[in-house]
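Just so you know, structure 1 and structure 2 below are the same protein chain in two forms, each on its own as structure tokens.
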Structure 1
């Protein structure tokens, strides 16, 4: 009986790992096999001349370039809104908030972190409906709105990583300031924040990755399939993840399908790159503390 249980557990554990690995391997293999042959300038710019396309003088059809620009702008705008807010809130929670306050705020931010991204999109959509009814009858979904909703999505991550980076500093380091008679403010800004800097940057990079890959939010807030380069903050736009979704559902030709494979590979590389750099930052950080 005991032997059987032992055997079953061990067998199940090996089975799980093998199943998981083969699923992951087939996913990556499939993507690489179909995606790699499509890589090339044509994937990004189609028939358009590269130089002119980059400068925006020529409209690029059936290619990645507008979606790349759209995603880049989207992530930058979202970061611009969420970074100051998230890092400031994280610093406040870690270093200044009274315990009770900290507890309540953390719970509230935790709830925000657990909210599905489609709800953020729906919120943005509701905002437009509201504006149409009240102040701006012409309000419509746009790059700015999408970036704002994405900012809401990544805000809790930024707050938590900032807070965690500060909280997890060694106790000895936290005592340097008070021991030397520095004010709390000096301690926070001259000792704790520089020391936590890498951890915070790691969190920022992860948040950027989240913003770049999310599809549900932008679907409801202004992304469309053939917008071309974004026309200003209040215009519609294209984005990499949405392009993948759209082509998967509505591809018309083999060429479009190939382009979809390429897009998926490009997005995977982009988020993979962001993820790896955040991971490496984290590792060097751990190493630095452990060496002390």
Structure 2
């Protein structure tokens, strides 16, 4: 009886894995078949000269270059806002917080992590309405607002990964510092953080990939179609996820739909590159740590 149950569980597990791999392979094949033929300079720059388009001397219409620049700036701004706070909060919860306070803050972080991304977008939009009626009548949605809302979206991931990386360290490693006469603060920053750096950096890159592919937040906080290159932090912008959504919903020709497939493939390659970077960086840091 136990052997039959084991065989059934094993068979169901293999079936689930094969079903998932088949669905993923079908999706990738469909995207590659429609997206690869569109790849080229025309997809990124349209009819504009490449050099002038990169320098911003010529405006690019119906092409990916402004969306690529907007996505890059969006992710960088969100990272600048979220990384210091998220990593510092994770270090505090793992190494300094009292047990009771740690439980309360962990619950709060879990609630924030479970908040749908559209709620973050509504929060940013409501913030603009509040500022218009109080302190800044000229307040409007912008690149800075979208980056701030994305920072709130990825903040729980950074806190979780930092805390998990520190909590997963062996107990013997945590006793090295006191054995050498180091204070608790010195132990954290000179021993524990270098050892946990592999997991922390991997979590950072994964969080950036999450920020690069979100659509719901930016739809309500400043992204528009054909905005061109961003004109400052308070200007409108384009982004790859929104371009995919816009083209898929509003396309008027097969060429525009094919352009959406190409954009989706570019975004997939971007996030895949981030995930591969996280894996390689994790392995490199692990190799260096093992050599020490």
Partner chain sequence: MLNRNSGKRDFTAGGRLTSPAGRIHFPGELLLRSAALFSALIIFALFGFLAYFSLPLFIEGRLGELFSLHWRPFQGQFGILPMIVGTLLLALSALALAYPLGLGICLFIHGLGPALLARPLLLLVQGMTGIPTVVYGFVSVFLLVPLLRNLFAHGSGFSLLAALLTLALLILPTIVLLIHSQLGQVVPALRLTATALGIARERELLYISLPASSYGLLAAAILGFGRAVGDTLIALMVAGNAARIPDSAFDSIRTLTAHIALVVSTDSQSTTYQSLFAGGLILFLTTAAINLLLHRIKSRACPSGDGS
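Positions refer to the first chain, counted from 1. Keep in mind it's a predicted model, so treat the numbers as computed, not measured. In this text, the rigid core denotes the largest set of C-alpha atoms whose superposition between the two forms falls within 1.5 Å.
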Report summary line: Block containing the form predicted in complex with the partner chain is structure 1
Query raised in the report: Using the core for the fit, does the CA position of residue 55 change by 2 Å or more between structure 1 and structure 2?
Result: no
Requested in this report: Could you check whether the CA atom of residue 255 moves 2 Å or more between structure 1 and structure 2, using the rigid core for the fit?
Outcome: yes
Query raised in the report: Core-aligned, is the CA shift for residue 269 between structure 1 and structure 2 2 angstroms or more?
Result: no
Requested in this report: Once both forms sit on the same core, give the Cα displacement of residue 8 between structure 1 and structure 2 in angstrom.
Outcome: 8.4
Query raised in the report: So if we fit the rigid core, how much does the CA of residue 22 shift between structure 1 and structure 2, in Å?
Result: 3.3
